[in-house]
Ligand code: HEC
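Here you get one chain, nothing else, as structure tokens; it is the form predicted on its own.
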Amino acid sequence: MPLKFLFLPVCLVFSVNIPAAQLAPEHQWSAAELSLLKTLWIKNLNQQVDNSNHVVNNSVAVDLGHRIFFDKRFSSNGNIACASCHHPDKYFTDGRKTAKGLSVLTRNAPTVVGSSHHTWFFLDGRSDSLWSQALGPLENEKEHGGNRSQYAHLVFNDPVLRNLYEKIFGSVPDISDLKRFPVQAGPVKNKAASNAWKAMNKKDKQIISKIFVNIGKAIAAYETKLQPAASRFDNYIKALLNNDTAEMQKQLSSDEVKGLRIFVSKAKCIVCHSGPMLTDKSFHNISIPPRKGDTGKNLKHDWGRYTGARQVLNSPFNCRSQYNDNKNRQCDELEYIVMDRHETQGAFKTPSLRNVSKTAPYMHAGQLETLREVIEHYDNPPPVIFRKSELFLNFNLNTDEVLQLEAFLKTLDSPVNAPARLLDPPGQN
């Protein structure tokens, strides 16, 4: 098993500045365990630079992305914004089992906080950059339902948006000729907009698509500013590393520390929830029950990563596309992507556990309502429902251990680490 190295002789217990007899056993960590815990510490969370987006650290791009994120005009009916599914007061989720845009969707809305640290985006990983992910919902007929020409004209005609755009990307191309650049045009399911797009020449399509891509890059610049702050768990690790036993016991209770021990050992949660974002950024089939319709019957199975892998390879906005600002275009993730394998069927991306208590309901379609249900699902894996589940062990947690693990997970809560003005619609803070 991958965690055998955790069980080391007692002689390696990490020394503390008060006698061990006065420090509860659960607070005493071996050197190997301490090393493992440190890998989860938020101080080790280094912001990865997205070289495919040259404006990701541009402050004006952040402001433009902030405006677009909350702007309901970026939809077909003027009622849907990114913030419609990613509410700041719900840790940038929506609290629903499955998201709702123009229609009710089939998947849960993940938080965007800390999303810049991911490798793949969407629950099935069908995008490989934060900016390309931002583009998907804008043209999806069930989400925002608009099209790229509509959004390009909005930027072109709105003085505030246009001013910000031109400070970042240079002059907006003149798209005032509506014969060349119809207001409603894009490779979407709406027949009129699709036909108008097909009638445009290649050069004009590229002009519109470039503006569209830049909108996504501005949104990504904004979302990159939304980061998790240090939690009580992180404060505990800091105190542990500083040998500050009083602070350790102040930050986490006895039950919370026992829950942490279960997390890294008995329940083996750390196998998939690793690193400072507590995710391995990979995809797993854990035999989650299918969604149920209004009549209580199971709905069509979601193939997850199996289809997502195909979609990202075929995406016009992936790492290999002309819109990647990194001219080297080293796309190792696409080069070595796992395709057409049984382990991708019904597999979904491992979510970050930071602020997990604030992002219920859980799983790809909100099938589990509470953290308790999630723990019980892992503790007693259900029969395999689709293809091959990775859950095959019963951890046999007793009632106290379930409560302790749940208590630990709640210590991962923290505020959003971002300027206050970015946590509300523009002009409201």
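Keep in mind the model is a prediction, meaning the values are calculated, not measured. From 1 onward, residues are counted along the sequence shown.
Heads up, the form predicted in complex with the named molecule isn't pictured, but that's what we're talking about next.
Every member of the trio Leu130, Ala267 and Pro351 reaches the named molecule in the predicted bound form with some non-hydrogen atom inside 4.5 Å.
Residue in contact with the named molecule in the predicted bound form (any heavy atom within 4.5 Å), chosen from Ser315, Thr111, Asn214, Asn190: Thr111. Proximity to the named molecule in the predicted bound form, defined as a heavy atom within 4.5 Å, singles out one entry of Tyr306, Phe122, Tyr91, Phe169, which is Phe122. Within this chain, Val374 lines the site of the named molecule in the predicted bound form, having a heavy atom no more than 4.5 Å away. The named molecule in the predicted bound form comes within 4.5 Å of a heavy atom belonging to Arg126.
The shortest heavy atom separation between Arg162 and the named molecule in the predicted bound form exceeds 4.5 Å.
Although the partner is absent here, Met363 lies within 4.5 Å of the named molecule in the predicted bound form, judged by heavy atoms. Stretch-level contact analysis of 322 to 330, 267 to 275, 239 to 247, 179 to 187 against the named molecule in the predicted bound form, using heavy atoms and a 4.5 Å limit, identifies 267 to 275. Applying a 4.5 Å heavy atom cutoff to the named molecule in the predicted bound form picks out Ile219, Glu223 from 214 to 228, in order along the sequence.
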